[in-house]
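Read the single chain below, which is given as structure tokens and is the form predicted on its own.
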């Protein structure tokens, strides 16, 4: 793997200033002040919002508190999506802080998965890593690791320890010179204008002739409207970790450097702001 540690660090330490406000219809004993947090882009909402829950517990009775869930401008926020993806997809063109509404009643069963403990998050996270490694190395790297290595990946994410996480994760990013890259690139393309949760297909980092595939090549095949439009006007922003990478960027490089800890490239395709 190309040793571009500054990029890896910038991605890992990306933060989103966020304001949490209790939903107006929640029953409280006194007025609840908002709670402010810098959310890590690479983590999951249910992993880092325990302080939010404790803050609002102070003004509520235990019997009025069901499972906490979060929403932004009417959209329930899926905890099993990384935080940075949720922001890019739903709020990337809004002013900061990100204003999230907190609920303890009327859990939206159709929209959200329940998350009763950190074990649920860990299981989801590890299944994503295993799926990504099947795409990259036929699952050989993750299967050859010991259980303590799997645990170190999870603990690195849970405790926000960059070096602890990457000591193991770098093995998942390796490939031989002859291969010229991963077998397939683990990616998901999301859009808010579709009922489909995301686009995910097999896509190689190099062509059969050995030419490097770029982000633009991937989009042309999976979501052509993101690259070209009939009138030549740019209609979409293609966002990963809050930035718009150049379409000429090699997909292999993006996969090594801009993947989330779950080893997937989470790509948001969002309509250009109209104002």
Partner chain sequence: MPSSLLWAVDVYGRVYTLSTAGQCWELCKDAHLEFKRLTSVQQCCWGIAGDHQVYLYVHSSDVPIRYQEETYENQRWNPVDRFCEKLLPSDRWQWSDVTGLKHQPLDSFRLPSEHWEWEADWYVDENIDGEPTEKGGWTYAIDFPATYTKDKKWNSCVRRRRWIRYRRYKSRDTWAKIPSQDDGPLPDPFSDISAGGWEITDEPRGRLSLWAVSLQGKMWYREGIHHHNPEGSMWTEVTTPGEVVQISCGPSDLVWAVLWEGQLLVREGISRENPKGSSWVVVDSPSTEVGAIHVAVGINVVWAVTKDRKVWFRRGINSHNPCGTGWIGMVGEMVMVNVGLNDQVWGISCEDRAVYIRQGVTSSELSGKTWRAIAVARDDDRSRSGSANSLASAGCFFSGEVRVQSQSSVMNDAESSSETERSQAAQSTSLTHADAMKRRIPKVTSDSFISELVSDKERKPDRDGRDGQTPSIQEDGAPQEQASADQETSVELLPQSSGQQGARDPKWSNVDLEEAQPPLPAAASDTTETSSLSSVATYNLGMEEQYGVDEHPLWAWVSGGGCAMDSHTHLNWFSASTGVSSSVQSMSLSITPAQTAAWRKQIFEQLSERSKREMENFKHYEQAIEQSVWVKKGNMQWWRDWKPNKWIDVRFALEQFSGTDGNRDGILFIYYTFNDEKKYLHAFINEITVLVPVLNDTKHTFAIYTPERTKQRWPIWLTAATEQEMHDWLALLNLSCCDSRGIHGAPCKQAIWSTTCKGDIYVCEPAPNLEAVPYPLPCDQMFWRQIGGHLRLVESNSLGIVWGIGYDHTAWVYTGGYGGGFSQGLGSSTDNIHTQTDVKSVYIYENQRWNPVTGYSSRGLPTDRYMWSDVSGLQECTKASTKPPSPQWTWVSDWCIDYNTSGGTDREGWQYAADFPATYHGYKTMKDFVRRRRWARKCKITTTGPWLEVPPIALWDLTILPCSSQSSVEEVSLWGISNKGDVLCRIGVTQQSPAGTSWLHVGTDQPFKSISIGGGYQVWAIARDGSTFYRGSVSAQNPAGDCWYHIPSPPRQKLKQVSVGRTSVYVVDENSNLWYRQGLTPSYPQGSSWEHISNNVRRVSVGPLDQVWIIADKVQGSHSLSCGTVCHRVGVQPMEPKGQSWDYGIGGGWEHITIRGNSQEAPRIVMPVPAENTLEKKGRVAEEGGEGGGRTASISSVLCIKEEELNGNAVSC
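Positions refer to the first chain, counted from 1. In this text, all values refer to a predicted model and were calculated from it rather than measured experimentally.
FYI, the form predicted together with its partner chain isn't displayed, but the following is about it.
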{"query": "Its partner chain contact in the predicted complex: residue 129, any heavy atom under 4.5 Å", "finding": "no"}
{"query": "Proximity of residue 184 to its partner chain in the predicted complex, heavy atoms at 4.5 Å", "finding": "no"}
{"query": "Heavy atom of residue 109 within 4.5 Å of its partner chain in the predicted complex", "finding": "no"}
{"query": "4.5 angstroms heavy atom contact with its partner chain in the predicted complex for residue 218", "finding": "no"}
{"query": "Contact test, all of 13, 159 and 178, partner its partner chain in the predicted complex, heavy atom 4.5 Å", "finding": "yes"}
{"query": "Residue (of 203, 72, 166, 154) lying close to its partner chain in the predicted complex, criterion heavy atoms within 4.5 Å", "finding": "166"}
{"query": "The unique member of 29, 64, 244, 33 whose heavy atoms fall within 4.5 Å of its partner chain in the predicted complex", "finding": "244"}
{"query": "Heavy atom contact within 4.5 Å of its partner chain in the predicted complex, the stretch among 132 to 140, 191 to 199, 91 to 99, 111 to 119", "finding": "91 to 99"}
{"query": "In the predicted complex: members of 198 to 217 within 4.5 Å of its partner chain, any heavy atom", "finding": "206, 209, 210, 211, 212"}
